[in-house]
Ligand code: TRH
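Take a look at this one chain, the form predicted on its own, written out in C-alpha cells.
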C-alpha cells in the first residue's frame, strides 16, 4: 500500500442485534484501524450496554468517549450533524442515518475532498457465491456503496487479524508463566497434564446432555470452561438433582469438571482459547478467534428460520475438511452437525471426533497459517485505494 491514497478517518456504524457478535467484529476492526494504521476512527453504536461488556472501562451514560484509541459515539435515532469520514463502514447492512448519507452526497471535489468510500461490511460466509459478490458496487446516485465480504479464500475480504496476534499466541504457548497466569486469573491451578481442557461458548443446545454424558462417563478427565452466556441455564440444569457436587460455579460429576467463568473480554478470551485443547464456539467473532488459536474447534452457527445456516455450515466444512483423511473429515462433520441440531448422537459423534484429534491438531495449525495470508483490515484499505485510483482516472479522463 502507498500512503497517498490512505484514508485519514473512518466511521463504523454498528446496530447491535446479537448481543456481542456484531459489536464484537466492529470493535475489533475499529481498534485495528485506529491503533495499527493511525486512522481517526469513530464507532457509532446503538447499544452501549453490550459494548461495555467488551470494553469494561466504557461509560454507558456518555454520548461520546475515547476508548483504546477509538472515538465511541452513541448512535441515536436523531443523528447529529457531523462531517463524514473518508472511509465509511456500514456493518452488516445496519442502514446509515439518512442525514449522514445526505452529508456524504454533498461532498464534491470543489470542497477539496472526494466523496467518502462507502462499504457495507457483510456477514462471514464460505459459500461459493461470496467470491462473485465481493466488492460489487450498489449505486445510490450520486453515491456508490460497495459490498465487502469477509471470507476464507483469496477472492474474498479475508478475516480480522491483528498484526501481532499469532506471535503473541506462539509466545503464550511457549511460556509456562503466561499459561499459569491465565489459570490463576480464573481462580484455578494449572490443570494436570492428562486433563483435556475444553472451552464451551454456545447458544442453547439440545445436544449438550449427550455431550456431557460422554464426558462424564469417558476414560479421560475433562475440564470444561464455560464463559457466561446463553448455555448457562442448561449447564446448571444438567447437574442439579444428579449425583454431582457444586461449589460456587464449579461442578463435578464422573470424569467431568465444569468451571463457569464470568464474562470474558476479548483479549482474555483469546488466551482462554489458546490455553484449551478444543474450543466450542458460536456465531462469527468467536469462530474466527478459535481459528487463529490453531486448535481443533466445533462451531455452532447462528440458526436462521429458513434453515440457510446449514448451507453456510457445510460450505465451511467443505473448505476446512478438504485436505483431511475421509474418516477424519467424517468425524468433524458428524460432531458439527449433531451440535447444530442434526440427527445422531452427540456422545457417539464426540468419541469419533476425540479419536481424530491428533490429525485435527495438525489441520488447525496449518489452517490458521493459510488464513493469515488474507487480512481483512489490509484488504479494506487496499480497496479504498483501488476506489481512489479509479476516481482519479475518471476525473482525469473528463478533463482531457
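All values derive from a computational prediction rather than experimental measurement. Positions refer to the first chain, counted from 1.
Keep in mind that the form predicted in complex with 2'-deoxy-thymidine-beta-L-rhamnose (TRH) is missing from the display, and what follows is about it.
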Checklist line | 2'-deoxy-thymidine-beta-L-rhamnose (TRH) in the model of the complex reached by all of 135, 379 and 383, non-hydrogen atom within 4.5 Å | finding: no
Next item on the list: With heavy atoms only and a cut-off of 4.5 Å, decide whether residue 156 touches 2'-deoxy-thymidine-beta-L-rhamnose (TRH) in the model of the complex.
Entry: no
Note to self: in the model of the complex, is there a heavy atom of 2'-deoxy-thymidine-beta-L-rhamnose (TRH) that lies within 4.5 Å of any heavy atom of residue 357, even though the partner is absent here?
What the structure shows: no
Note to self: If we define contact as a non-hydrogen atom of the residue within 4.5 angstroms of the partner, is residue 11 a contact of 2'-deoxy-thymidine-beta-L-rhamnose (TRH) in the model of the complex?
What the structure shows: no
Next item on the list: Determine whether any heavy atom of residue 284 comes within 4.5 Å of a heavy atom of 2'-deoxy-thymidine-beta-L-rhamnose (TRH) in the model of the complex, and answer yes or no.
Entry: yes
Notebook entry, point to check: Quick one: which of 198 to 206, 211 to 219, 70 to 78, 156 to 164 gets within 4.5 Å of 2'-deoxy-thymidine-beta-L-rhamnose (TRH) in the model of the complex, going by heavy atoms?
Noted result: 198 to 206
Margin query: Only one of 106, 127, 265, 277 gets a heavy atom within 4.5 Å of 2'-deoxy-thymidine-beta-L-rhamnose (TRH) in the model of the complex. Which one?
Written below: 265
Next item on the list: Quick one: from 149, 269, 251, 297, grab the residue that has a heavy atom within 4.5 Å of 2'-deoxy-thymidine-beta-L-rhamnose (TRH) in the model of the complex.
Entry: 269
Item checked: Contacts with 2'-deoxy-thymidine-beta-L-rhamnose (TRH) in the model of the complex - residues in 47 to 75 whose heavy atoms fall within 4.5 Å -> 54
